[in-house]
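In the form predicted on its own, a lone chain appears below as structure tokens.
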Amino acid sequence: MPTILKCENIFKTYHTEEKIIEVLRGVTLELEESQTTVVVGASGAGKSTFLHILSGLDEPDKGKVFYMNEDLLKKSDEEISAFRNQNIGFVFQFHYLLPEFTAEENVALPMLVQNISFSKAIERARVLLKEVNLEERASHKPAELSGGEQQRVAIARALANNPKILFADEPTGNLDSDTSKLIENLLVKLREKYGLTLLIVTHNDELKKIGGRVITMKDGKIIESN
């Protein structure tokens, strides 16, 4: 399969009043199109920072990031935002749903940013909520949903603009084991159905079992890849 996303020699350092923290130290990785990659490692290994840089949410101090041979770090902030909205879906540990909006309105938001009409956005939102088995909860607000249901709404929202890559940062980190398994199975099903490139960052070793490539990070470096 062709390479859809790659990074070369990524470094990232954070400065505090007390010390300098080297979060990433020369990380290089290629992601193949439609591949599942699970990045594991202890808290503080640099996993989330790495995901944020790959997805354009953050910039490295040094290194390069390419999407289909296009240098992302040469884009302006406005261009990066447009790129993310058109090509990338995000699922985080905390769903970040807007509490004043219903499930279907939350899913519709990324489409409205793309100037899709409200009626078409809501229509697609309902289709996506059906994909995650929440069609009967479309008119409910986040406070009326369980933690697992809220995360499924967040997954539906991540698919709103037909992304090519889906990033998931600790997607089951805030859920019980049964709900975590449901979310794992859902991510696998959606990846297969839509041909997504899926990158999951987690400290949950159970997610290693969903198939694909497993990357292990420690102290800001990739120490194992299989």
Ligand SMILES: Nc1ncnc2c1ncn2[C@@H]1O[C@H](COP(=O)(O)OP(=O)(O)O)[C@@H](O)[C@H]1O
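All values derive from a computational prediction rather than experimental measurement. Residue positions are given as counts along the sequence shown, with the first one as 1.
Keep in mind the form predicted in complex with the named molecule is missing from the figure; the text below concerns it.
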query	finding
Contact of A42 with the named molecule in the predicted bound form (heavy atom, 4.5 Å)	yes
Contact of L207 with the named molecule in the predicted bound form (heavy atom, 4.5 Å)	no
Partner proximity in the predicted bound form: R157 to the named molecule, non-hydrogen atom cutoff 4.5 Å	no
I10: touches the named molecule in the predicted bound form, heavy atom cutoff 4.5 angstroms	no
Proximity to the named molecule in the predicted bound form, single hit among S34, T179, N161, S48 (heavy atom within 4.5 Å)	S48
Partner-proximal stretch of 184-192, 61-69, 26-34, 48-56 relative to the named molecule in the predicted bound form, 4.5 angstroms, heavy atom	48-56
Within 13-31, the residues that have a heavy atom no more than 4.5 Å from the named molecule in the predicted bound form	Y14, T16, I21, V23
